[in-house]
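Just the one chain here, laid out as structure tokens, in the form predicted on its own.
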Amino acid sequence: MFEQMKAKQVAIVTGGSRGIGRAIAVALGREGFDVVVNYARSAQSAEEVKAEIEKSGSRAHIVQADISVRQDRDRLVDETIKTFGQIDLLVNNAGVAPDVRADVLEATEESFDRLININLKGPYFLTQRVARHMAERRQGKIINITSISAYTAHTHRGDYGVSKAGLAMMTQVFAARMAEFGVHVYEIRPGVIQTDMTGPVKEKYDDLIFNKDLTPIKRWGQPDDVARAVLAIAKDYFPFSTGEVFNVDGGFAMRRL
């Protein structure tokens, strides 16, 4: 195992092998965090992220775990503590979109269960486990990566929106509970970010962004935009805030006439 270094902080990034998670994991490594890169299926991508983090002088450890499975969540936490001795930051980033964007009048129970288990139940109980560890140490931060879908109705992926809305409330619940232990909880709410998940609908969002005035800032969001928000929280720039929502959405959240 790695030799303990008290000055180092340790972060878990779920879904850290691709897209937004990859950008977050690499950015934290560059800022001096030791990072546990969690992945479900992309082993090669996780190895690439590990290599990038180690190039920056930080340490990285890979843990394959499906966060919808209790035993996998426990293993993720246990391996992190065994390897690094502590957890200072949890970034709940792992999430999936529906396999089929079905109308809410036709969507299946199987799709709903899959999204709730991965996007909400998994992060909820992973956070519970990590929060207990942080409460004992009386320090730590938890960041939930949600989506503008937490409050924007989309009738062809209702299950996704419901899962993200639940994650938003989860932020509030844990923020209220953990404040007495000096543990702060935050929500980062990305807008339209250019990743593998949005690849199939690129033409649609190109039109909305560049021709239909979807956002005041007329460009695609990038994974690094979200990573920068995570860094601001991780570096303790908001010590008197908890339960706060940070929109990284090009201005989508603004009401405009």
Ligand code: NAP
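For every residue, the number given is its place in the sequence shown, counted from 1. The structure displayed is predicted, hence computed values, not measured ones.
Keep in mind that the form predicted together with the ligand is not shown, yet the notes after this line are about it.
- The listed set Met197, Ala229, Ile62, Ile209 contains one residue whose heavy atoms approach the ligand in the predicted complex to within 4.5 Å, identified as Met197.
- A single residue from the set Ile118, Val130, Met178, Ile143 has any heavy atom within 4.5 angstroms of the ligand in the predicted complex; that residue is Ile118.
- Although the partner is absent here, Ile20 lies within 4.5 Å of the ligand in the predicted complex, judged by heavy atoms.
- The ligand in the predicted complex is approached by Ser147, whose closest heavy atom lies within 4.5 angstroms of it.
- In the predicted complex, Lys202 stays away from the ligand, with no heavy atom inside 4.5 Å.
- Contact check for Val77: no non-hydrogen atom falls within 4.5 Å of the ligand in the predicted complex.
- Here the marked residues Gly166, Val183 and Gly243 all miss the ligand in the predicted complex; none has a heavy atom within 4.5 angstroms.
- Of the candidate stretches 170-178, 90-98, 134-142, 104-112, only 90-98 contains residues with a heavy atom within 4.5 Å of the ligand in the predicted complex.
- For the partner-free chain shown, Asn38, Tyr39, Ala40, Arg41, Ser42 of 38-52 come within 4.5 angstroms of the ligand in the predicted complex, judged by any non-hydrogen atom.
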